[in-house]
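In structure tokens, the next block holds one chain alone, the form predicted alone.
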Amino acid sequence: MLKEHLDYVADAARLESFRAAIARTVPPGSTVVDLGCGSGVLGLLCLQAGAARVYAIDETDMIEVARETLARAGFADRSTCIRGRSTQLELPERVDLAICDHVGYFGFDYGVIGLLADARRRFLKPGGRLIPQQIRLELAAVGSEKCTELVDNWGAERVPPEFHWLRECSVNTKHPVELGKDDVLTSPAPLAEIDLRADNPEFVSFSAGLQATRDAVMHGLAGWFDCQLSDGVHMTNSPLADRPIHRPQAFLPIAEAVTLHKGDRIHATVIARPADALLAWNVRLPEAGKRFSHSTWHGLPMTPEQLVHANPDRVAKLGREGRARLAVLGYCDGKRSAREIEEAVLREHPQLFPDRAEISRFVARVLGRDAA
């Protein structure tokens, strides 16, 4: 977790872009909510720019890093760190700005649309503002050794043949990949514009036409973003940019490599349901006579039971862990201590799990996550 956030904090291009956007958007005295704040660096930049208060929200242990960092920077009295998911929390006041960096690799694949839509409805004052504001998605055909490895690793000779079937899952997976300019085989095509200041549909479908700029071997599509943080301030992870932020692109494989000739056409459609992280892509190559259809749904090795669970019309029943969790939470009456709850569970539910130590660990996990 620290390694991931070190990459964010050490990315000079990213910080410069956010600092410039904040300078244009956060007048002194503003109140700010930093959604999914991680290390708290965006909230820190807002406070340094003169914000009167920052509410920093994160559901992971990184909230403690944010709390300590903001305190060490001298902003303990102007920052409030809250552990939790922003969509499940309330703030004590409406704010002037909601800020986050949840644009993922492909612009919409880390929940930014829903996150900011919720913030617009519940957190912002009338006339409140967002950072980021808009996301432009771009798509290109790509081919490289990196792409080949991502698709074919499960089918490699070093992998026991009994596992080669997992290549089908790999080819239906969106992969992060760090591409170079030479890996891009077509001019990028604009795929979509997502305005985060407006409502967006739950289900989206984008199409793009591409054309090979040289003879090459295509392994799939790659998507990236150009994100407008504020008027005149952008950040991008495009491999073609002069100064991109340090973030991979999204690689969408095709089932087999295809030889392209200069001028060959590629028709691509990307379909997504961002709230569920589901993605599908269809690729048609007229000159090569090839057509591919892939989906992250097919990239998930699922049991028949999981398929049943995905049915919204099924009759839900508590499973074993659910019953165990309910038993533990039943003792949370505002009077018993955590130790007393553990002792009660061990005494009255000795068959909860085969091992008493595992029962104790389970009680601690439930109380740590679901009890105040």
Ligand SMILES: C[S@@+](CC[C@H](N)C(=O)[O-])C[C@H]1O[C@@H](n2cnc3c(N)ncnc32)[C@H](O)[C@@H]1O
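Each residue number is its position in the shown sequence, starting from 1. Because the structure is predicted, anything quoted here is derived from the model rather than measured.
Although not depicted, the form predicted in complex with the ligand is the subject of the following passage.
Student: Look up in the model of the complex whether His5 has a non-hydrogen atom within 4.5 angstroms of the ligand, and give yes or no.
Tutor: Within the cut-off, so yes.
Student: Counting only non-hydrogen atoms and a 4.5 angstroms cut-off, does Ile57 reach the ligand in the model of the complex?
Tutor: Yes, contact at 4.5 Å.
Student: Would Cys37 sit within 4.5 Å of the ligand in the model of the complex, counting heavy atoms only?
Tutor: Although the ligand is absent here, Cys37 would touch it in the model of the complex, with heavy atoms inside 4.5 Å.
Student: Is Arg85 a contact residue for the ligand in the model of the complex, using a 4.5 Å heavy atom cut-off?
Tutor: The answer is yes: Arg85 has a heavy atom within 4.5 Å of the ligand.
Student: Out of 102 to 110, 200 to 208, 283 to 291, 174 to 182, where are the residues with a heavy atom within 4.5 Å of the ligand in the model of the complex?
Tutor: That would be stretch 102 to 110.
Student: Report the residue, out of Ala250, Val95, Leu115, Val233, that has at least one non-hydrogen atom within 4.5 angstroms of the ligand in the model of the complex.
Tutor: Going through each option in turn, the one that passes is Leu115.
Student: Tell me, out of Val41, Ala324, Val345, Val65, which residue has a non-hydrogen atom within 4.5 angstroms of the ligand in the model of the complex.
Tutor: Of the candidates Val41, Ala324, Val345, Val65, Val41 is the one lying within 4.5 Å of the ligand in the model of the complex.
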